[in-house]
Structures are given as structure tokens and as C-alpha cells.
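Read on for two forms of one protein chain; each stands alone as C-alpha cells, with the labels structure 1 and structure 2.
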Structure 1
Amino acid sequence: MALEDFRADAMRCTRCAYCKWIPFDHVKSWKYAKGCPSIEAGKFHSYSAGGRLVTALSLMDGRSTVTPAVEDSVFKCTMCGLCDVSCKLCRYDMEPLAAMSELRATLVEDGHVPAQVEPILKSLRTEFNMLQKPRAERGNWAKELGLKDLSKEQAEVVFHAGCRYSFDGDLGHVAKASVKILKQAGLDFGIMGENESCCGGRAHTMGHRKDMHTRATHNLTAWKKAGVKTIVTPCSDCYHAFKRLYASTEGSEIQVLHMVEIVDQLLKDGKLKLTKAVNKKVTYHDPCHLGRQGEPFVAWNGVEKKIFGQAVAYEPARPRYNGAFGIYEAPRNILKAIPGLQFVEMERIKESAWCCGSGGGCKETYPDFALSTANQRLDEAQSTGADAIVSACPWCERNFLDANQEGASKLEVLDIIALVEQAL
């Protein structure tokens, strides 16, 4: 795709501003009606999906050039996809999220890379992670767990911990809890250990598509060699990269499962029993990459056609990603199955969830923006009366933990798999 391929989207944008709000039917209060972290921070229309479509058009038509302000507006967006859901509530001919991704990639191609990103990219290219940690330490979390090393052995299932769970000291226990559950379920699986590489998904959402391609090639080659048919990960960022991005850009057909899907199935099959009470009141934060962007990928290669004279359809029919089929119920089923746990919902949930602030590379590139976005979510979580906010993505959890340190929230930040482990 090229930016020019999104000209029609831009021309057909009606500036309705639905992309700034959660789906209106779900608005339950003044405060939590807002849907787009970017416009909340940037305020000018350019900091919205509709605004970026105009920016793209304006740049393509030579009406404007890439200035520092334009750079800021293009990159200060978590790529959370709320806008995409809200726009598609009424539209079948718009792909705002894809268009924004293309705009970023175009800016990157043209050399417009925020300075803060350089060391992160360097780390990705040399150490295969974006956390600027030595590659050799990647498998440390699994030392002494006696797991199959798929760089030497074979298994149909690979457990991919991802960068955050591998290197983030506060979150490493989630990877351990995950493999404990997989073992208990009797699954034959292994890990890539030191040879595990970043999925590259964050690089992709930041506009650095070649970097994701390099990481994808590395991972797919390694998995093929090890006979892997299924990837299991507790990280929603990796999940999205493998399930949607590898499928769409690399043609990958490998099965991808998030840990919550596995646990949900194990609970349904009676292969996992949660017996210990966890006496907490919790609320659940839907990670964007597991929820609205976690829908199954459907291959499509088609063209626009007109029906009824001027209405837009596609030949063949274009798959519709509108957040309807994200992974929403599995985590909720799990929480409801934990004895003693009281589960309460926030106002903005599922496809309407407010982003944690970490996505789109914002945690790395615009840390203040990331934290203020997280604080708004913590505020919403606190308003439910919960003691803890639970999520299924280490990037959300890291950002909430950091925001907690600075903000007024007293909420515990928990990973859903760690909670399951407590209940075993």
C-alpha cells in the first residue's frame, strides 16, 4: 500500500468527529465519553483520525509540508484503533487506522523519525528488543524451569514471552506463571530462550515496517525450523503482531493464541481448576491489541467497485474489522471463574475501551503523553470502586505501574495470568 491508496478515505471523510469519541451508544457519562487519547493531548483537529486524513491529503497535494508540528501530530497517537471502531459504526468505505499507519510509514521513509526513537531502534536491530537490554539476558526468566529449548529441539507449540515479560523485572513472574499453567495442562511446548526475538509489532506501529519485517523473518524462520504450528503468548502486543501483522505482511498462517484463550479453554474443558479464593475487587482493562484489534485476520486482495451507481463495495467483499470479534469474553470468563474475586466493569470497555497510553510507540517516544493517558484510565478504574486493575498485556501494565508512581491512583496493577496462578 501507499499513502495515495488512502486518498479516497481522506476525500470521503466527513469530519464528523465520531473518531474522537467512544461509540456514542455506549456513552454513560460526560467524563468517560472521550475515546481518543491523541486529541485529548494535542487538542487541534490534526490530532485525530479525521485530522490525520486531511494531513495526508494536504501533504499529497503539496498544500503543506512536514513540519515539527505535523511530525508531532502524526506520531503522538497510540494507534489504539478506537477511532477505527467509531468511524466504522457508520462507514463501510473507510480505514482510518490503516491510513494513519501508512502516513507514519511514509514519514519514516522520508526520514522524519522523532529523535527519541533512535536508541530504541538501535536496540531492536542489534539486541532484538526495544528495551535496550542485552540480548543474552532474554531467556533468563526461564532458567531453571527446565523448558524445551526450541532453538535445539522440536515442538508444535512455542511459548513466546515477548520483550516486556522477558526483561521487565516487575513483570517476569507472568511468563513463569504462564508456563506453569501450560505445564499443568500437559501441553508439549518449548521456548526460544535467548533466540527469542522481539515480534517487531511496536516498530511496525511506529512506522518502521522494515524493522518488523526483519524480526518477522527471524522469528518465522526459527519457528519453522523447530516445527512450530502454534504460538502462545501472554503479551497482547506480540499477539497482534503475530496474528494480524505477520499474517497480513508476511503471509504467515501459523496459529496464534493468547494465554487468556488457552486458560479460558482449559477452564471450559475442566482441565484447569481455580480453587483458591482471591479476595479482591477488580476491574479489567481491555488491551487494544487483544480487544478491538485482536480480530482474526482475513486475507483480502481486492479493488473498489461501485454498486447502485455510486455506493462503494469491493471486489471481492472486503473483510470488516470493526472491533466486533475481538477477544473480550475469554478474560472476563476467567475473572468470573476465580473464587472470591469480585469483578466490576468500567464504563469504556471492549471495543470502546480507553487505551492505556503505551501503544504506537508512545511509551518510548512521548512518555508524558503515555502517562497522562494511563492516568485517565486509572481514574476510570478507581471510579468503579475496584482495588485493582487487571490487564492482559505487559505494556499496559508497565504504563499503569509507572503512572501509579506519579499519579493519585492507589490501584494494584495485576496481570490476569498472575491472578490465575494465585487461584490455582
Structure 2
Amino acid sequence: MALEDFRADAMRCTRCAYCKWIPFDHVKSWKYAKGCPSIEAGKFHSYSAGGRLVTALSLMDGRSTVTPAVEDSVFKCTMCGLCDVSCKLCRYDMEPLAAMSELRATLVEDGHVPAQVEPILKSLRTEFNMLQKPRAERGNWAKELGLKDLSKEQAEVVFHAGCRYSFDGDLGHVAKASVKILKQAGLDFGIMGENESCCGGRAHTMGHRKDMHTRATHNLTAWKKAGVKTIVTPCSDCYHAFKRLYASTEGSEIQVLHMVEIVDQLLKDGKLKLTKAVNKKVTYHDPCHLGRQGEPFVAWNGVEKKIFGQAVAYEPARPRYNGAFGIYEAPRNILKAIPGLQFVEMERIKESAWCCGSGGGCKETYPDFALSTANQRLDEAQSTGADAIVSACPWCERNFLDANQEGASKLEVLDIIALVEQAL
């Protein structure tokens, strides 16, 4: 698509400001009513979805140019999708998140790339990961586990650890815990080892779509050669890339499952027993890419029409991604099944969850903004009286861990799969 394809969205925006708040019927207090980290940091309309639509329209009409201030407003956004959820509660004819993604991609194509991401993109293109680590070390976490190497063998299921779990020393144990659970369930699976490649999802949210396409082509080709029909990943960013981006841009029909879906089903089927007590009080953080952006892609080839030249209608009905059908219950079912665990909810949950702050390249480009956003989430988590914040995304967990070092939070940061391993 092109930015011009979103002219109607820019024209239809009524500047109602819903995009700045969580859905109003989800508001429980003034303190935790805000929804957009970008407008909270920028304190100016151009840092909201509505403001970026104004910017896009101005650029399309040639009334303005891309200045450093425009670059800042476009890139200082985690692309979390909360604005999209809030907008679609009262509108059905707008796609603010898709429009912002197109605006960002347009700037990138025109050469406006934040200097901070250049070494990260170089690493992606040469070492196939976003953490600037040697490609040869990607499979080190699994060297002693005796797993099938699907670059040489065949299996219908591939376990994809992802960049963060593969290289982050504080989080690598989650990949091992996942493998332990999959083995206990008797699943026949393998890994790509050092031949595993980044999903490309973060590059896409940064506006670098060609890099995502290159990674997708690499992965899909490797999986096809290995006979893979199902991908299992503990990473929410990878899940979103495989489930939504590959399906929508590459036409992929491969089955994609997050580890929380696997564990939830194993518990329901009685194939996994959690018997050890974990005496903690925890709250759960919904990752954006597993939650509101975790809905499956549905292809649509219809047309837009107007009734009496006014009301917009779609034939056939167009999919409405409003975040309601993300992966919300599986992680909560798991937490409730752990003996001794006390589970409490924050105010902003599920499709209304406050972003961790690391998405959209912000952790790399605007680290202070990313940490400030994480600290606000940790403050909300602490308000529940919890001892720990649990999530199912390594990027969220990394940002929370970093915020803990910088801020006053005393919360333990846990991955839900590692918590399950404690209860086995």
C-alpha cells in the first residue's frame, strides 16, 4: 500500500481524542485511564494517532515537509495499537495503526532513519538477529539438550526461540524451560539452531518492510525444506510476525502457536501436571503483540461503498481488528492453575493494557522514553500489592528488568513459562 491509500482515514478522523485513552468503559480510575505512551511523553497532539493522521495528510498535500520534529513524532511511538482499539469502539471505517505504520514506512523509504537503529539493522542483515550478536552463537542455548536440528532433519513442529531468548543471558532459561515442557508432552519437534533467523517483526514495526520480507522468505523457505507445518514460540513479537505479518504479506498458512496456548491445552488435557507450590502474589502484563495485536489475520478483498453517499459500508463485511480476540485467557488459566500462586489484575488489562515501552524500535531509539513507559506499568503493577509482574514476551521482560535497575520498583520480573517450570 501507499500513504495515499490512507487519505480517507486522515480525512475521517474527527480529532475526538479517544486514541489517547483506554476505552472509556474500561476506565476504573483517573490515574490509570491513559492509553497512549507517546502522547503521555510528547504532551502534544502530533504524538497521538489523530495527530499523525493530520501530519500524514499535510505531507500528502505538500503543505509541510519532514522536519526533525516530524521524525520525532512519527518514530517516538511503540506501535502498541491501543489507539486502534479505542478508535474502533466508536468507528468502523478507520485503521489508525495501519495508517501510522504506512507513515513510518514512507519516511524510511525516503531516507529518514534514526541513526540509533543503523547498527541494529546491519546486524539483522548480516547476523540475522536484532541484538548485534554473532549468528553462530544463536543455537548455543540448546547445545546440551539433544534436540533435532531441522536444518539437517525433518519434523512437523519447529520451536522458534527468537532473538531475545536466544541471546539474552537473563532470559535464555525460558527457551530451555519451554523445551522441557514440550518434551514432557511428548511432542516431536526440532529447532533451526544457528540457522534460526529473526522473524523480522520488529524491523517491520520500525518501518523497514523489506528487511521483514527478507527474513520471512528465509524462514518460510527453511521451514518448508524441513517439512514444518507448525511453529511454536515463547516470544510474543515472533508470534505476531508469524501469525499476522507473514499471513498478510507473504500469504503464509502455517500454523502458529505461542507457548501459553500449548501449556494451556496440555493442562486442560491432563498431559501436564503442576504440583509444586509457588507462593507468590503476581499480576500479569498483556504483551501488545500477543494480546490486542494477536488476533489471526483474515484476508479481505471487498469494496467500500457509501449508503446515500454518507454512511460507509463494506461488501463483504471487512474484518475488524479491535483487539478483543487476542490471547488473553490462556496465560490467565495457567497462572490460576499454579498451586500456591495468588493472581491479581491491574486496572489496564487485555486490549486496554498499557504498553511496556520497548516496541516500535523505541527501546533502541528512545531508551529514556521506553524506560519511563515501563516504570509507569511497574507502578500500576505495584499498586495491586503483587510481588512480581509476569509476562509472556521477552522484550517486555527485558524492558521491565532495565526499568527496575533505573527506578524504584522492587517487583520481581518473571516469564510465565519459567513460572510453569517452577511448578512442575
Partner chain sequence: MEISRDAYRAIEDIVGAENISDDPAFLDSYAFQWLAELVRPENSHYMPRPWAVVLPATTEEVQAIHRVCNKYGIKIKPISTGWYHWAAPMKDNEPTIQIDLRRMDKIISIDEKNMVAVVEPYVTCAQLQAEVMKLGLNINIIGAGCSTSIVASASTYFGAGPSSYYMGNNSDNLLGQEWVTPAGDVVLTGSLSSDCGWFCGEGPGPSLRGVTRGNMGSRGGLGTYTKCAIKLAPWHGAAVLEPQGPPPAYRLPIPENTRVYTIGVPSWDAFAETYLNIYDNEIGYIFHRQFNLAGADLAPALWLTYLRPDGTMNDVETASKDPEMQKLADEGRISFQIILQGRSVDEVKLQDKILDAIMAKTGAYKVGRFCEQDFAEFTHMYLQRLGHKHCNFIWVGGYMGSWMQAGIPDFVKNYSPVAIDGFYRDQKQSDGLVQCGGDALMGCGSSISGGGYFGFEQFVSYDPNDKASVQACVKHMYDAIDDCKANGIPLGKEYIYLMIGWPDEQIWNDFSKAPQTFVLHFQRKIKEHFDPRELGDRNYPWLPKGMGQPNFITQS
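The model shown is predicted, which means the values in this text are computed figures rather than measured ones. Only residues modelled in both forms are compared. Counting starts at 1 and follows the sequence of structure 1. The term rigid core refers to the maximal set of C-alpha atoms that superpose within 1.5 Å between the two forms.
Which depiction, structure 1 or structure 2, is to be taken as the form predicted alone?
Form predicted alone: structure 2.
What moves between structures 1 and 2 once the core is lined up, counting runs of 3 or more consecutive residues with C-alpha shifts of 2 angstroms or more?
Segments displaced between structures 1 and 2 after core fit: 301-303, 307-309.
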